[in-house]
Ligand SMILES: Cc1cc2nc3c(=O)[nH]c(=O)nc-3n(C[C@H](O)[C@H](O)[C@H](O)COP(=O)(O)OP(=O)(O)OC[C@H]3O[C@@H](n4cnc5c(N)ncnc54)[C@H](O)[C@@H]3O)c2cc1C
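This document opens with one chain alone, in structure tokens, the form predicted on its own.
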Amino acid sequence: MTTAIIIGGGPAGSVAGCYLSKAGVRNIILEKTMHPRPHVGESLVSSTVRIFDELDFLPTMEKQGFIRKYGAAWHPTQGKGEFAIEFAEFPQEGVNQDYTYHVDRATFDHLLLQHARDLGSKVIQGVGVKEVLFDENDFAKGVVVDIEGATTELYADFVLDCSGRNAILGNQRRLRENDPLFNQFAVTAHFENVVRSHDPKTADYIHIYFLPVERGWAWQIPIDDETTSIGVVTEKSVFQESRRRKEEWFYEQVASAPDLARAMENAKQVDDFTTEADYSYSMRRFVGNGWMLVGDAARFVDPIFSSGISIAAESAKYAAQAVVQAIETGDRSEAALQPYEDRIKAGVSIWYEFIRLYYKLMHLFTYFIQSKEHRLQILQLLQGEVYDREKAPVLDAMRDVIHTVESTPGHLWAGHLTDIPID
């Protein structure tokens, strides 16, 4: 019998399969679609390099020629200019290069899934999981799959739900809770002829443009030498109240940011617009008897800091470690798997706090980027080192700034804070 069934062949599922196979644990990855397939979330943070190095996947990424990402830049809502950071300013333990990557997700996900197969995972594509099976003691024991219209049961000691926002197991157990604060809406497409930067040094950075609407921003991510991903994100109400078609709304938002409008002046759209909405949520529990939720299947907040693949990869690594330990102890109970949940919730809660404070400060965020006192700590968080709250005192500094502004009548920055609560 297969020891672990992994639902989903995206980054979380593939990384989990890689680690399990390297540990000698038999596993099967069930992916409902056929790779390659398109996906959003094209920019990585530096901490993912450590994991891909551990999995011997970096040579594949280098051979593929993904765009190297050396830093990030932010653009104001008015006027020209950018505030940039380089990842080389904050060397990370276990990361032996000063860049991460921008990726075409169809290619990247396909290569990573192939890598899992090469390391020993059994990969089956075109097979959708309908539900997770449980025994009389509420232990996960397998899944029901749909193969060409016929249902079949597959059995295993562990089930890892890596199904992304489909959240097969979380939805089955009614664990999903939508975030009460974040209700973002995104429209994205790929373009050619985008002027990525007037500074050659930052041309391949990720560029973030502040928009003059509630929690509004846009991303610019180079996919290859010709193609650039552009995405616009605001509160969903901003889109709804505009009463515009998504195409019209997208270009209106682009025009509202001077630097982005200039970058897009001669841009040519090369694929269809896609939308993402209502994507901020968390599952109440990440583990149970013989099962774990991994990556987006457990929690997703917001794409602002490109944390999606980082959280997917980190949680997949620790989920695999939890499976190995459970096999060694012979205990696959919820209590035995709880340390995995505690670790992942701790990391995701730091991401969440950072994102929440960012949206509160938003247009003042560049103050922290430029600050000698806080710059390296901001960089540390942006590079994905988020699993120890005590090492991120900059979050307290951000709170202090907010408190000072809100408690000081006539403060110069009073009009620059958004209405999002931080406690």
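Throughout, we count residues from 1 along the sequence that is shown. Fair warning: this is a prediction, and the values are worked out from it, not measured in the lab.
Keep in mind the form predicted in complex with the ligand is missing from the figure; the text below concerns it.
| task | Would you mind picking out the stretch of 173-181, 320-328, 213-221, 336-344 that comes within 4.5 angstroms of the ligand in the model of the complex, counting non-hydrogen atoms? | result | Result of the contact check: 213-221.
| task | Please state whether every one of the three residues Ile168, Phe300 and Ser307 places a non-hydrogen atom within 4.5 angstroms of the ligand in the model of the complex. | result | Spot residues vs the ligand: full contact, yes.
| said: By the heavy atom within 4.5 Å rule, which residue out of His35, His363, Arg356, His374 makes contact with the ligand in the model of the complex? | reply: When the ligand is considered in the model of the complex, the option within 4.5 Å is His35.
| said: Between Gly142, Gly164, Pro76, Gly71, only one gets a heavy atom within 4.5 angstroms of the ligand in the model of the complex; which residue is that? | reply: Only one option qualifies, and that one is Gly164.
| query | Using heavy atoms and a 4.5 Å limit, would one call Leu160 a contact residue for the ligand in the model of the complex? | reply | Residue-level check for Leu160: no, no contact with the ligand.
| Quick one: is Ala12 in contact with the ligand in the model of the complex, heavy atoms, 4.5 Å cut-off? | Flag for Ala12 set to yes.
| task | Determine whether any heavy atom of Met292 comes within 4.5 Å of a heavy atom of the ligand in the model of the complex, and answer yes or no. | result | Contact check for Met292: no, nothing within 4.5 Å of the ligand in the model of the complex.
| said: How about Ser43 - does it come within 4.5 Å of the ligand in the model of the complex, if we only consider non-hydrogen atoms? | reply: Yes - in the model of the complex, heavy atoms of Ser43 and the ligand come within 4.5 Å of each other.
| field | Interface residues of 86-105 toward the ligand, as seen in the model of the complex [heavy atoms, 4.5 Å] | value | Sequence-ordered list has one entry, Arg105.
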